[in-house]
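Okay, here we've got a single chain as structure tokens, the form predicted on its own, with questions on binding and movement later.
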């Protein structure tokens, strides 16, 4: 593909509450064995983009460890590859990334040293499949300056996103970032295509004017000056940057059509692989409509839930409608319903956690299980 890729994965999101205390949103576990950033990296690889930069910043330890080998997404190559850019203090600059445009500005050498004519920019917190080649074909056909991939949100709150209105030709005529009251469910999916030289020009101008946000200070500011078109996302898309949307996205993978779309239809989604034994179901255990990952040991009852890697479920436990993250030990006679249990927790025996009134409860047990 005649493009390089940029993945924006450095932001912090207060809507994730305690879940973002340990990791960046782009590193959040998805569907039992994946992380959020796996989807955008797989899309880049499947679209034959050979050179991808990931901008990390907030709570990046877990994310950087996940990205420590580029081979999982087929970026281990002599030409191109996967580049990880974190904020770096220099004689000219002592700031962290002050926004998405500033992150690109601080690493402008990556763009200037590349030769591909186009750039695909995508956020690391989207769960979707997309051939960026088709978006580029649309971009060229429309003779657009920018193309914004859009989606219709039906179950989510549109005011969390950039709300868009287009004319009959698909050109964006209104673009409001995170409005107080959304008048449309047509939103930006956080995926953009732009010509590389134009991006360099606008980023340099924004940096001179101390403007640091890519959406507000470039897309919205230039919407009446530049030709900015919308490309409708054809299939499933979800953004996980709130507790409710994260829970709902994981639960979507319990639906056969969603599961088959991501895991059985070409192209595939790739992730870092761990050498773990298969899940073990002991006598007396019961599992219904659930995803259970490698390394799990089940002794109790699991229903409509997702268990990530290395989860231990004790005797007489009941887990319903919940997401249990990696490496959780659940003691005997425990009841968990409508919850997200944080990774590496030890849930003590004979305890009960229930999310009530439609709310999802985040369970974080502060214990000394890993203390030396």
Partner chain sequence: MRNVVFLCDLYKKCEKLARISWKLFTFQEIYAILNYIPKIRGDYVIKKEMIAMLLAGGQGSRLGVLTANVAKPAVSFGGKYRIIDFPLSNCINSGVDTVGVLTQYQPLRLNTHIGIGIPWDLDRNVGGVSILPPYEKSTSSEWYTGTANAIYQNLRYMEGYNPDYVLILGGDHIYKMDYEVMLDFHKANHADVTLATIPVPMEEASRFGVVITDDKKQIQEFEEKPEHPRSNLASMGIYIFSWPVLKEALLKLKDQPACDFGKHIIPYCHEKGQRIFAYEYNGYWKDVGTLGSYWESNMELIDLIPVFNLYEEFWKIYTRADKIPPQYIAAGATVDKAIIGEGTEIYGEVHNSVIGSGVTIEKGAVVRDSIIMSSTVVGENTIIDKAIVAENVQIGSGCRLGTGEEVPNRMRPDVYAFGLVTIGEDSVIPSNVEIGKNTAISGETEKSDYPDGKLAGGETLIKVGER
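Numbering follows the first chain given and starts at 1. Quantities reported herein were computed from a predicted structural model and do not represent experimental measurements.
Heads up, the form predicted in complex with the partner chain isn't pictured, but that's what we're talking about next.
Listed stretches are 32-40, 341-349, 317-325, 60-68; the contact stretch with the partner chain in the predicted bound form is 32-40, by a heavy atom cutoff of 4.5 Å.
Taking the partner from elsewhere, residue 168 is found to have every heavy atom lying beyond 4.5 Å of the partner chain in the predicted bound form. In the predicted bound form, at least one heavy atom of residue 294 sits within 4.5 Å of a heavy atom of the partner chain.
Contact check for residue 235: no non-hydrogen atom falls within 4.5 Å of the partner chain in the predicted bound form. The partner chain in the predicted bound form is not approached by residue 245, whose heavy atoms all lie more than 4.5 angstroms from it. With the partner omitted from this view, the residue of 287, 136, 101, 121 that lies near the partner chain in the predicted bound form is 287 [heavy atom within 4.5 Å].
Interface residue among 299, 188, 106, 249 relative to the partner chain in the predicted bound form, by the heavy atom within 4.5 Å criterion: 299. By the 4.5 Å heavy atom rule, the three marked residues 263, 276 and 310 all count as contacting the partner chain in the predicted bound form.
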